[in-house]
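Shown next as structure tokens: one chain only, the form predicted alone.
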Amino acid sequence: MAAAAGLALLSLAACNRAPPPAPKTYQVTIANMAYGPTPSGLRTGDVIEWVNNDIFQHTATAKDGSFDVDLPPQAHARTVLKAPGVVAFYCRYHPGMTGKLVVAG
């Protein structure tokens, strides 16, 4: 009897859990040979929209290989964050341009 009551409580708790938050889209702008500030509060499933407002071609290339976005001048592209962790990124054409995304699970 006690086992059945415990199972019922676990089932009730599972039903009362809030659904995971919906993915959000954040923008990172490139201008004057630099990445703009990276957003905080990133979670897996969120989307980064990279916007190149510069006159030069740039990339947003993850050092761990999780994304590689090529951005001609005045272009934009999107990346879905697939795993938690700290993702360092850089521009393949301008290696001094760097940044990092901190992604929660």
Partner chain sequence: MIRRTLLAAAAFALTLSGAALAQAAKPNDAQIAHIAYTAGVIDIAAAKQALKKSHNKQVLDFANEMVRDHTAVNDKALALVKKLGVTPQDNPTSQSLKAAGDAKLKDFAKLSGKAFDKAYANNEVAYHKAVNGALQTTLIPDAKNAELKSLLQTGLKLFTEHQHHAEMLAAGLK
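Note that the coordinates shown come from a computational prediction; the quantities given were computed from them, not determined experimentally. Positions refer to the first chain, counted from 1.
Beyond what is shown, the protein has a form predicted in complex with the partner chain; the following relates to that form.
Contact check at 4.5 Å (heavy atoms) against the partner chain in the predicted bound form: none of Tyr26, Thr38 and His76 pass. At the 4.5 Å threshold, heavy atoms of Met97 reach the partner chain in the predicted bound form. At the 4.5 Å threshold, heavy atoms of Arg92 reach the partner chain in the predicted bound form. The closest heavy atom approach of Gln57 to the partner chain in the predicted bound form falls within 4.5 Å. Under a 4.5 angstroms non-hydrogen atom cutoff, the partner chain in the predicted bound form lacks Val47 among its neighbouring residues. Of the candidate stretches 76-84, 26-34, 60-68, 39-47, only 26-34 contains residues with a heavy atom within 4.5 Å of the partner chain in the predicted bound form.
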